[in-house]
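One chain follows as structure tokens, the form predicted on its own.
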């Protein structure tokens, strides 16, 4: 187990990006929403709905992919002796960053993964989202250059590292004990969408297996979309970026093969054409990801290997999804929600406050 980690090499991460791109397009073919074979933010939003944290009836489903990401990463971490329970500092800040990252993502309607998949499916609106993501991460790098830090991590009890995986196992148990019943929007404890994106999903077992596989591969390769842009901007390193580009290319090729590539700006699935807010929503998300140290997928994979800080960020995103839909912050194909613009402005102010105020003091 001590040999070279091939998946962490450049060709390894290119391969992982290719696998994710292909599987995401296939999941869409098998039932997941259009240009949303995998979307960490959207899927966590659906989980929030399934738990009743919001009552947007069209986005309620316990997504097995998210469960698989955490558990797959944990399996890899244990096999390769990389499960390291650890925590750092400022948990409330990480929680708030997670909430605003989700709000920004839901203004755009997608996380960085979905932004790439939307582009690979022909959605031109994703260009604005990716530009916004890059801009937000660039702002984050300026804070990093000037001493921004959330504090050092330290080893802790194994129990801490198990918390989010145990929560995910609980979610899986609820799904198995209270499965969706055709024609009903509630099955015991969980809520289920009868129509809309929440009602569109690949078979449970297939989605869970794909999630486990991606979680395993991503943990080994350190795959991270935010890190790809951050490392390119900060250090000129394109190692992670190669995996990011590979995901785009292979998702595009698979969409072509499956007849899912439909170029244009209008009438794209689960998308809107308010370009300024596509840009601004993802800029807010990108800044929050940069300040927190990882994209939403990476936070799930880190939590699977015992990172309590990442787990807090994940829970912040899930709760943030509840806020976004309960208070009219999230967008829809009709456009930005009634209070979405105000939420983006408040989110930027909060993230800038965090960035300026949490810089290391220089003696």
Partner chain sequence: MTTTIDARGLSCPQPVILTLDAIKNGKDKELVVLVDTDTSKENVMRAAASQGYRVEAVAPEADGYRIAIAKD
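Numbering follows the first chain given and starts at 1. Bear in mind that the values here come from a model prediction, so they are computed numbers and not experimental data.
One more form of this protein exists, namely the form predicted together with its partner chain; it is left out here, but the text below deals with it.
Checking 153, 273, 242, 232 for any heavy atom within 4.5 Å of its partner chain in the predicted complex turns up a single hit: 153. Stretch-level contact check against its partner chain in the predicted complex with heavy atoms at 4.5 Å: of 173-181, 232-240, 251-259, 202-210, the positive one is 232-240. Of the heavy atoms in residue 138, none are within 4.5 Å of its partner chain in the predicted complex. Although the partner is absent from this view, residue 148 contacts its partner chain in the predicted complex, with a non-hydrogen atom inside 4.5 angstroms. Proximity of residue 169 to its partner chain in the predicted complex: non-hydrogen atoms within 4.5 Å are absent; the residue sits far from the partner. Heavy atoms of residue 114 never reach within 4.5 Å of its partner chain in the predicted complex, leaving it off the interface. Contact check at 4.5 Å (heavy atoms) against its partner chain in the predicted complex: none of 34, 45 and 267 pass. Contact residues in stretch 268-304 (any heavy atom within 4.5 Å of its partner chain, taken in the predicted complex) are 293, 298.
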